[in-house]
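Single chain ahead, written as structure tokens, the form predicted on its own.
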Amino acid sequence: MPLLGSADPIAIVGAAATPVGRLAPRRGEPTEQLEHEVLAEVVLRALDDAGIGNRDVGSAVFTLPPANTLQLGFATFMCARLGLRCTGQVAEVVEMGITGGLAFDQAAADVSLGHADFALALGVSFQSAMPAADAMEGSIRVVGDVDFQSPFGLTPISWYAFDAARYLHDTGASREDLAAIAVKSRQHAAHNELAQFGDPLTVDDVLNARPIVEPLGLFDVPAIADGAICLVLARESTARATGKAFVTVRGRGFYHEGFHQVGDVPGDITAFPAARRATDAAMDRAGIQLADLDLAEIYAPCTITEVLVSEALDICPRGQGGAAARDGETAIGGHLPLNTSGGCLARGHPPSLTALYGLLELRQQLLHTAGPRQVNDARLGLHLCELGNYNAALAHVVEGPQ
């Protein structure tokens, strides 16, 4: 992306999304809205937010819909319904949890390279309609070696449970420390109109919930969720000409450590070096340090994940990620608020879209439109998404209006 960090960086000039939750009908219920109907309404709201029309869009990069979506070729199907005439690209992208970030990156690249004045990063997921057996099989096959790990039934949550067990053993931290993340997430989500869960939780609620994969219980892990979202990207100069409020991307970093879940040599599965290397690259590109950030929205499907990322980035000392949440250091009003949206655990986690929802949260915070969950004087935010067991990470530094 040649223009990231230049005099004319990428801007997010428009956005819209549905609340995260169940959008698909339950089995046997009548279908009220199909995926394309839900997403079309979201796109039109995003275009209106950006002050542009459908013929202004030059690229549209979609997240790949889940396997239960009947319409194949979904991206071109949607472009036809929306009347888009793209000169850059129309594409669907997918790579585990980093999918939404890749859609954003490709849309940004088309704008940077001059292929489009305006580009969309967008997607819809009705994954709650997928039969449980199909969802389980797919999740097992994507997070392991199908000839070695998958036959043993290692789900995505199982891998995070490995992380949690190792971390608790090594550091002496407790399940109460992990529970603090779930409690904080609900506190933040209580003021987010897009959140799946806004009811408060206590530490006892988390500890007494039914187990999912030891040592993680029901509130340590994300629920199944649907969503639809669209971000409108342009160069900063183009965004300014619209007269609309916008935020800009000041730095970008990516790193893949070359492992798929675990490596072929012994290593610390709780270290998450990709998170640190991608973030450092993004901050270097933006010319900032960690202390300059006002908030961070990080992809953390489980309580343990937020703990490990916060420690990998040196936001918290080793063994103290949960305690920092409990003490308010990573809550709104604290030293560096994390996941002010409520994150995967409370805002909700439609996996292919989660990164886009995280970027939307930064946009709201940096435009100071987040309402009761607003971080005071927020100017710089970090967004981080991942794939595998944080085997890869994609980071963006986003800046509010000057």
Partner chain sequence: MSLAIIGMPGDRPLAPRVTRFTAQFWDALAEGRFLVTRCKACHQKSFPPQAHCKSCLGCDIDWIELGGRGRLYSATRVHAGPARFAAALPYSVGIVDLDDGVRLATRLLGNAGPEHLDQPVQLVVTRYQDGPLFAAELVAPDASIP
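Positions refer to the first chain, counted from 1. Source: prediction; values computed, not measured.
There is another form of the same protein, the form predicted together with its partner chain; it is not shown, and what comes next is about it.
- Checking 280-288, 207-215, 91-99, 309-317 against its partner chain in the model of the complex, the stretch whose residues place heavy atoms within 4.5 Å of it is 207-215.
- Contact annotation: of the candidates Thr238, Gln187, Thr171, Ser158, the single residue with a non-hydrogen atom within 4.5 angstroms of its partner chain in the model of the complex is Ser158.
- Only one of Ile269, Cys86, Ala323, Ala245 comes within 4.5 Å of its partner chain in the model of the complex through a heavy atom, and that residue is Ile269.
- Contact check for Ala16, Leu113 and Asp117: none of the three has a heavy atom within 4.5 Å of its partner chain in the model of the complex.
- Within this chain, Ala80 is remote from the site of its partner chain in the model of the complex, having no heavy atom within 4.5 Å.
- Within this chain, Met136 lines the site of its partner chain in the model of the complex, having a heavy atom no more than 4.5 Å away.
- Residue contact check for Pro200: none of its heavy atoms lie within 4.5 Å of its partner chain in the model of the complex.
- In the model of the complex, at least one heavy atom of Ala165 sits within 4.5 Å of a heavy atom of its partner chain.
- For the stretch 247-267, the set of residues having any non-hydrogen atom within 4.5 angstroms of its partner chain in the model of the complex comprises Val262, Gly263, Asp264, Val265, Pro266, Gly267, in sequence order.
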